[in-house]
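Next up: just one chain, as structure tokens, the form predicted on its own.
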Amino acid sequence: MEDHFRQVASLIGDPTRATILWSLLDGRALTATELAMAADTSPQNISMHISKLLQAGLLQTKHQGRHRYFSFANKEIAYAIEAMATITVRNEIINESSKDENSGIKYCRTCYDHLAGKVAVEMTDIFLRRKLIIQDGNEFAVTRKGKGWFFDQGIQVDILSQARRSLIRPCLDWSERRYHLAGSLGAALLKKMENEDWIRRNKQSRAVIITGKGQKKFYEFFKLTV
């Protein structure tokens, strides 16, 4: 275990490989060409770095036609990368990411397949206060009251709990230094918000745009002014 940890830490510590992992946090699978552009390096160099990440079990690859797409080998890796940012991100990067406290990547963004940032942390706090979810140490659980509430929003917790992945888990938010909601429940919430046009993805970054409809819905459902 110790040797494997040293190997993984060494892999992530390389700037190019760190950029690859950070770029995949928006949940999209990317080609080697796209990753090379993100890392500002050559196709030959990016291929070498991708190969090391594949061998270490951090990435997986899928073929679609003539293209190969790369993504995290599992969701836990994405959560770990997001959590690591709480101790590695520099203040100047945070400041450049958001000039307005009510916009930008610190305010509302995607974290792999769920919502993150200030909005997501405040939403999680509301779930806890309303006893829709409870926290026991570093674990979250959905209450009976919560199951009913999510069912009313079209999210069936009992069905989600039958999936192989975690139903609900805390994910440490790098910008807020507190937990937001992850797991299949967090993914279902993000999907609902996207499908109903509460939020829209930004092709240039992980920051999401909250629509006019979304502003109304966040206040209606969570009493959040966004």
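One-based numbering along the sequence shown. Only the largest set of C-alpha atoms that superpose within 1.5 Å between the two forms is called the rigid core. As the structure is a computational prediction, the values presented were derived from the model and not from experiment.
The next section is about a form of this same protein that is not shown, the form predicted together with the DNA.
The candidate spot formed by F127, R129 and T143 is out of contact with the DNA in the predicted bound form: none of the three has a heavy atom within 4.5 Å. Under a 4.5 angstroms non-hydrogen atom cutoff, the DNA in the predicted bound form lacks Q162 among its neighbouring residues. When contacts are judged by a 4.5 Å heavy atom cut-off, H49 counts as touching the DNA in the predicted bound form.
Put simply, Q60 is far from the DNA in the predicted bound form: not one heavy atom of it is within 4.5 Å. Of the heavy atoms in K217, none are within 4.5 Å of the DNA in the predicted bound form.
Shown without its partner, the chain has T31, A32, T33, T41, S42, P43, Q44, N45, S47, M48, H49, K52 in segment 22-61 as residues with a non-hydrogen atom within 4.5 angstroms of the DNA in the predicted bound form.
Once both forms are fitted on their rigid core, the CA atom of L185 lies less than 2 Å apart between the shown form and the other one. Once the rigid core is overlaid between the shown form and the other one, S10 counts among the residues whose Cα shifts by 2 Å or more. Here Q64 counts as shifted, since its C-alpha moves by at least 2 Å between the shown form and the other one after the core is aligned.
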